[in-house]
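Take a look at this one chain, the form predicted alone, written out in structure tokens.
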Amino acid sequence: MAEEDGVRRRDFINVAAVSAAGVAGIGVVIPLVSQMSASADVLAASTTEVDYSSVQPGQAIKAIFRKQPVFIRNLTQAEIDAANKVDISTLRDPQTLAERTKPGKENWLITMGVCTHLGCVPLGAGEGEPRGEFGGYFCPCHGSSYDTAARIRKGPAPLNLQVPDYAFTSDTVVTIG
């Protein structure tokens, strides 16, 4: 009988020790995982909503997404035609205008406002700013010129202006990110 009591006590001690270790492990893992998740300010900056209802054809506005400028341009039919006439095989970073816009909203071109050469902010989104020889954007830092589809046409920039993930959430609001 004494042997049975010893076995039972030993089993109880093992179960108690494993349970205590499990509780302690959970007590360490939960704070570790929660401190690695994104903070509230980072989550809030993960998307940006912009009301584009006041942007007339031929105009552009600047917004901020993840602390970087975003250009939202309402292309005119002439700008769309000019972009579509370009032979994409002659481009450094070949993309059509249709690849850079959403179906049904081809007149809305949304790009990051950061030159792909060294990260300067190109001109052309503001009223009266120079748009370069191709009618899109012009980077004053090193002379990169972008066309009306924000594709690199001249200068040291290796790539087109980046198109972020975006979705039109209503007739007047676009959500970027």
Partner chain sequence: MSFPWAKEYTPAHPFMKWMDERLPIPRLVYNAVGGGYEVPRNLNYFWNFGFLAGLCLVIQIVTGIVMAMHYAANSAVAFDTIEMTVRDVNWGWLMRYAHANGASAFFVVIYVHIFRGFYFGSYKAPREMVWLLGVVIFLLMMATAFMGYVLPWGQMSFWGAKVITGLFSAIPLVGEPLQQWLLGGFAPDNAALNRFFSLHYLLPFVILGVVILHIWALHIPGSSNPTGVEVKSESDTVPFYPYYVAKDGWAIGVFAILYCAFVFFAPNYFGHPDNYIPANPMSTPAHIVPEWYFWPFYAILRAFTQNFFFIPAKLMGVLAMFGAILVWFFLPWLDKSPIRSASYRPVYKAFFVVLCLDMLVLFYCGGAEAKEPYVMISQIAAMYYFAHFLIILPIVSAIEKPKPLPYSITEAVLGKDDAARLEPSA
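Residue numbers count along the first chain shown, from 1. We call the rigid core the largest set of C-alpha positions that still match within 1.5 Å between the two forms. What you see is a predicted model; the values in this text were computed from it and never measured.
One more form of this protein exists, namely the form predicted in complex with the partner chain; it is left out here, but the text below deals with it.
Peer 1: Want to guess which of 142-150, 30-38, 125-133, 63-71 is within 4.5 Å of the partner chain in the predicted bound form, heavy atoms only?
Peer 2: Looking at the partner contacts, the answer comes out as 30-38.
Peer 1: Would you say Gly119 moves between the shown form and the other one, meaning its CA shifts by 2 Å or more once the core is fitted?
Peer 2: Moves: no, less than 2 Å.
Peer 1: Core aligned, does the CA of Gln35 move at least 2 Å between the shown form and the other one?
Peer 2: Moves: yes, 2 Å or greater.
Peer 1: Once the core is aligned, please say if the CA of Gly25 is shifted by at least 2 angstroms between the shown form and the other one.
Peer 2: Yes, the C-alpha position differs by at least 2 Å between the shown form and the other one.
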